[in-house]
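Only one chain is shown below, in structure tokens, and it's the form predicted on its own.
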Amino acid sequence: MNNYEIVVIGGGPAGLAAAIEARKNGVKKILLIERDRELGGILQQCIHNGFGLHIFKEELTGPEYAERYIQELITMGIEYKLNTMVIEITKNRQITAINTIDGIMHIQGKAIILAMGCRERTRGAVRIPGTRPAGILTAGMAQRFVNMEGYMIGKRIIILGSGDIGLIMARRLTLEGAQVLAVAEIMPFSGGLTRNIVQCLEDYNIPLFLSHTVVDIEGQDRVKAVTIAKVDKNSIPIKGTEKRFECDTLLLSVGLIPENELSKCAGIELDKVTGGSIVNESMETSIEGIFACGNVVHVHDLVDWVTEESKRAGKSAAKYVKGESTGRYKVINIKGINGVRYVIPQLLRVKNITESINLMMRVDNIYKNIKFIVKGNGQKIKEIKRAHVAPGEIETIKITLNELTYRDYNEISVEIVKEEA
């Protein structure tokens, strides 16, 4: 049995930030495990800029952002293993992992930080009718082929879903000489950032069809044509609204799912809305000593928010290992209602808050001129005005320790209220 103070599973932006922060908080024996051939995670294939505006106050590409943390990790001498797959974790924080050099490894951690990221939904998850030819890829897979492996994936392309990866690939493929014929989105609003809609679609005259989905795929060996149609409020295709596009490739950008098979194996409680772990203010899961951060908790829109959240997990895990934290405090439940889909964290122990806590949330629709109302036991704690909110962008509300200790709360809720004219 190999013993470590903290074991971090995942070497993407979340795992890197968490491991570095744990070292900065006095933990010496840390192991980071990554299943890919290099550190950096999804950032290595995100060669576009726009990263680091909040953390570094400058615009970086994905690999540039990752490299800053990789070099810091190496400089600190934090141990890491590449090409290593974790196949099991237990409630007792025992890890079974495997690679071609060490074989099967049994690792004991005083604390574990889960940073496995997320995966893409596939064609099977959205039940698209039609044949099953080559040329149907997820947007992230296409991004890896084009940006890292050097393969062009098609010449005439349809994209289903307006998530950020799909929007970015619309621009990327256009720059590589392909013709992106259309982006179809089943919802009446885009799931991506506004800046990506403008910079990746509008700037290149790529049409976005909202409230549309794919109703047929043609082709035997290779995609030959794709038909989209408008959908009603129940997402049912409307006959007579079909549009047929002759193409050779269909990209799917239909959502991301937190990668939580290991969490389920350990018996960690998951949130039905986010698909990620239920966490408290310290990013600790339902199992003591196991923490989670980044897209394995909930899907973020900016890597800067992943880094901030993961620093909190790393610092909290360090406090746990050093015996400086305790779970024997009153727990407050936090929930989103009336337009707020979810709030992270879902649990809060006031005595573990030093100055303030950031509540991160997503809304369920596009709203204009609204107020976020935060209530404790039904009484208003604070309100925040917003001119525009959308499901594609995370909203953050800071709650100070003074606001939390004003009353002895059992429950905190966040809701949307329309501003009066």
Partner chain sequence: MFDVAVIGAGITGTFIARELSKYQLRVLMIEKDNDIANGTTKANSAIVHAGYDVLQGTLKAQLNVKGNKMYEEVCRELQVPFKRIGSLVIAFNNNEIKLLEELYKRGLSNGVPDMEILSRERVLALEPNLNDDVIGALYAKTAGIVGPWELAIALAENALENGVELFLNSTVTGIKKIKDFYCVKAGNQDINTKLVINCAGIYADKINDMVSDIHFKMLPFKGEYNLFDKNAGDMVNTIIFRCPSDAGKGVVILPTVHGNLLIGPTSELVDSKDALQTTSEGLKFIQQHTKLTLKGINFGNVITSFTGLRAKTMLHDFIIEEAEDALGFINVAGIDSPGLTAAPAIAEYVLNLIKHRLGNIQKNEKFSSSRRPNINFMELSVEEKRKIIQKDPKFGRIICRCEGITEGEIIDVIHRKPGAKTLDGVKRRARPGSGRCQGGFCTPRVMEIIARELGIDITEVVKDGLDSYILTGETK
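Residue numbers count along the first chain shown, from 1. Remember, it's a predicted structure, so these values are computed and weren't measured experimentally.
The same protein has a further form, the form predicted in complex with its partner chain, not shown here; the description that follows concerns it.
- Among heavy atoms of K233, none comes within 4.5 Å of its partner chain in the model of the complex.
- The closest heavy atom approach of E246 to its partner chain in the model of the complex falls outside 4.5 Å.
- Though the partner is left out of this view, G289 does not reach within 4.5 Å of its partner chain in the model of the complex, counting heavy atoms only.
- Residue contact with its partner chain in the model of the complex: E383 places no heavy atom within 4.5 Å of it.
- The contact with its partner chain in the model of the complex, taken as any heavy atom within 4.5 Å, belongs to M152 out of V350, M152, V273, C265.
- Among I337, L181, A125, I238, the residue placing a heavy atom within 4.5 Å of its partner chain in the model of the complex is A125.
- Heavy atoms within 4.5 Å of its partner chain in the model of the complex map, among the stretches 107 to 115, 280 to 288, 342 to 350, 138 to 146, onto 138 to 146 alone.
- In the model of the complex, every residue of the candidate spot (G130, E176 and Q220) has a heavy atom lying within 4.5 Å of its partner chain.
- Annotation for 79 to 96: interface residues with its partner chain in the model of the complex are M85, I87 [heavy atom within 4.5 Å].
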